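Shown here is one chain on its own, the form predicted on its own, set out as structure tokens.
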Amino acid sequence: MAASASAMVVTSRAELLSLFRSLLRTASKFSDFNIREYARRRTIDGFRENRHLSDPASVAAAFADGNSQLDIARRQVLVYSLYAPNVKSVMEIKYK
């Protein structure tokens, strides 16, 4: 009963946009260009794939997955910052 009640919670558009912005913000914190761009592309592609979800249960499941991905990305930003190289990528020099 509790699992079905939590699945019935409707995720608002504002919550979804907040998750999207948080994922993009977290992606921008990666020090390595390739990882930063991969996380950014993965976020955008994930939201595009789930754009047409209409079932509240599937929207809630996708939202929960997005939140878990956000937690993972935040931990990875910390780990990558500890072992980041001091040399910039050629792509970073080109873009700046």
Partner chain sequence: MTSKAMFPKLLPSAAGLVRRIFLSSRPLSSSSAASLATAELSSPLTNSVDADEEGIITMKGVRISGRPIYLDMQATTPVDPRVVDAMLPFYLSRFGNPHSRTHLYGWESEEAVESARTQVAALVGANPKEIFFTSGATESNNISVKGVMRFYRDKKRHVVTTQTEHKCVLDSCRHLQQEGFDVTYLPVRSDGLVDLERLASAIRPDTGLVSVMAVNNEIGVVQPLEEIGKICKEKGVPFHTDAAQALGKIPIDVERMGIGLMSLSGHKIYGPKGVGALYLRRRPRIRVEPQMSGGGQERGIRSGTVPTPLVVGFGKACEVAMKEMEYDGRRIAALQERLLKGIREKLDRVVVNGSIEHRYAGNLNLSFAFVEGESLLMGLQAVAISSGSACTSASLEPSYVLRALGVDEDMAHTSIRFGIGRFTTEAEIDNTIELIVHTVKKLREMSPLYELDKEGVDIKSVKWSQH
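It should be emphasised that the depicted structure is a prediction, and the values quoted were computed from it without experimental measurement. Positions refer to the first chain, counted from 1.
The same protein has a further form, the form predicted together with its partner chain, not shown here; the description that follows concerns it.
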Though only this chain appears here, would Ala14 touch its partner chain in the predicted bound form if you measure heavy atom gaps against 4.5 Å? no
Even though the partner isn't displayed, in the predicted bound form is Arg21 close enough to its partner chain, meaning a heavy atom within 4.5 Å? no
Applying a 4.5 Å heavy atom distance criterion, does Asp45 contact its partner chain in the predicted bound form? yes
Answer yes if any heavy atom of Val10 is within 4.5 Å of a heavy atom of its partner chain in the predicted bound form; otherwise answer no. no
Within 67 to 93, the residues having any heavy atom within 4.5 Å of its partner chain in the predicted bound form are Gln69, Ile72, Arg75, Gln76, Val77, Leu78, Val79, Tyr80, Ser81, Leu82, Tyr83, Pro85, Asn86, Val87, Lys88, Ser89, Val90, Met91, Ile93
